[in-house]
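Read the single chain below, which is given as structure tokens and is the form predicted on its own.
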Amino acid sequence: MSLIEVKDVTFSYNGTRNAVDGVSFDIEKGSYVTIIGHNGSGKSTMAKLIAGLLPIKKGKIVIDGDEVNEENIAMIRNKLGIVFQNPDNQFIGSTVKDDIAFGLENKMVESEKMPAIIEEYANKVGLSAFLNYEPQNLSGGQKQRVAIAGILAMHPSILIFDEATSMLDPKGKKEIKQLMYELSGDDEITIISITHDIEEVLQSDDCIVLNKGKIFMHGKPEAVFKEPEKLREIDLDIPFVEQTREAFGKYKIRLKSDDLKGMVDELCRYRSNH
């Protein structure tokens, strides 16, 4: 069942070249979708349009049966949360506990219920021991996990990650990617990840490739990466497993599709455990 329907959406900034140009796609409930493309391809613009942070000038976006517009934007935003690039810009509270509590207070959750909710979601992101920590005492990855905990406490059905790992060090990237992978196992949460991380794409259910505001490719990650020459046309990298398949091909050693999928699965398991 489609939770999000994007239909012929076009958007431009100040009447310049279209940042998003006639884009259409559906996102299934409970899926993990990655959107990739070079800088200026329209990835972050598309995320902001779905989140209602930019006005839809042409076409429409329907979320859970409701069209995104000025009349119902508040209701739509209650269904989703967005994690941005810079973790320092997302910390609102003076401590981890205060930050997670902020959204709950805005939703007027009863004060006696809040400690249990805060503890539950701090534990979910692995930060229950840091509830009284101040922001400056946290790493970038920990700050992003706090932002995610605050969003999860609001029970959204959609989580949007807008290049959420791009400003993190390797350890922070690993932490957030692992958390995203774990969250993708929850059928009640739909994940949209705007990313430059080609290896992350392998973990997703569906991949949308944007180029100059248009959909360039769309499909399962395995299918998208089986056409590496197309990705290279728009200066995108291909994942290590596909590079390996190509290397075998040069020596006329053929890998069956099941073998390639096995390599992808093995890489994902390895990255989850290290």
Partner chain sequence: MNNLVFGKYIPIDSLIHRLDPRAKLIGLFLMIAAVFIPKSWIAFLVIGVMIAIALLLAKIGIKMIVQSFKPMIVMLLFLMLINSLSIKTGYVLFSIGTFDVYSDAIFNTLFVIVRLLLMISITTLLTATTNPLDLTLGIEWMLKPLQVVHFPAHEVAMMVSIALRFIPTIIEETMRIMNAQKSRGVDFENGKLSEKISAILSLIVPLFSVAFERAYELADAMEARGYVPGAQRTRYHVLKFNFLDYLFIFICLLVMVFSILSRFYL
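Numbering follows the first chain given and starts at 1. In this text the structure is predicted, and so the values were computed from the model without any measurement.
Quick note: we don't show the form predicted in complex with the partner chain, though the next part is all about it.
With the partner omitted from this view, the residue of I191, L179, L104, L127 that lies near the partner chain in the predicted bound form is L104 [heavy atom within 4.5 Å]. Of the candidates Q90, Q203, S184, S157, Q90 is the one whose heavy atoms come within 4.5 Å of the partner chain in the predicted bound form; the others do not. Contact between V109 and the partner chain in the predicted bound form is found at the 4.5 Å heavy atom cutoff. Although the partner is absent from this view, I82 contacts the partner chain in the predicted bound form, with a non-hydrogen atom inside 4.5 angstroms.
Using a 4.5 angstroms limit between non-hydrogen atoms, E175 is distant from the partner chain in the predicted bound form. Taking the partner from the other structure, the partner chain in the predicted bound form has no heavy atom within 4.5 Å of any heavy atom of N123. In the predicted bound form, no residue of 196-214 lies within 4.5 Å of the partner chain by any heavy atom.
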